[in-house]
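A single chain comes next, written as structure tokens; it is the form predicted alone.
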Amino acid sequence: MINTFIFPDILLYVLDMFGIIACAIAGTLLAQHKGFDIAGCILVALVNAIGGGTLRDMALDRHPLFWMTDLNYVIVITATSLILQIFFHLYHKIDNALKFFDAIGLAAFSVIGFKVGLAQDLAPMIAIMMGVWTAIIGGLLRDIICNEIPLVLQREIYITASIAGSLAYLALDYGGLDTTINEFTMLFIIFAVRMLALKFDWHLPSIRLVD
């Protein structure tokens, strides 16, 4: 069994840190592209990386907030942002880089938020909502601060990818598969769906009345 070698709590923490780094990179890339100063880039990175989890925990009345009891979050985000600002000139394709790291953050945070919802004994639908909430709110706030139309409001296959991964987890869990396998499968599905949507230009249809 995989859990013999990888403890679930450790795996989730690693996933969380992976998502934190990805979102810190995405936030810093956009802020630097917009001409923000050093502090501004760090602020955007922080909002992007921990904004969704913060509002999720506030909604669920989970206190103290995770990043207040574990300073590794703030340290990792700040260090990632500073390092990226130094080497920003190496990122020539800002849009592609932003969307790639955004997809990693989407997948990791969807899993984290979804698992938090399940741990709180919430209904599966609400747990899925917590996964989506954790994954998108940071990016939503990032885009607003940077005066961009939020990515999740642009007919992108974004929320849909998060929901698809959560449904896959529930289906595998119902079939009795190991929790760690379910988490990795959910992570892979979300990332794959998002990247395929970017590659093949998949979009959700808009609904308009026909004249």
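The first residue of the sequence shown is number 1, and the count goes up from there. What you see is a predicted model; the values in this text were computed from it and never measured.
The same protein also exists as the form predicted in complex with a further copy of the same chain; that form is not shown, yet it is the one meant from here on.
Contact check at 4.5 Å (heavy atoms) against a further copy of the same chain in the predicted complex: none of Leu15, Leu167 and Ala192 pass. Proximity of Leu29 to a further copy of the same chain in the predicted complex falls within the 4.5 Å heavy atom cutoff. Though the partner is left out of this view, Gln154 does reach within 4.5 Å of a further copy of the same chain in the predicted complex, counting heavy atoms only. Not displayed here, a further copy of the same chain is approached by Leu140 to within 4.5 Å at the level of heavy atoms in the predicted complex. Although the partner is absent from this view, Glu148 contacts a further copy of the same chain in the predicted complex, with a non-hydrogen atom inside 4.5 angstroms.
Shown without its partner, the chain has Leu204 as the single residue in segment 184-204 with a non-hydrogen atom within 4.5 angstroms of a further copy of the same chain in the predicted complex.
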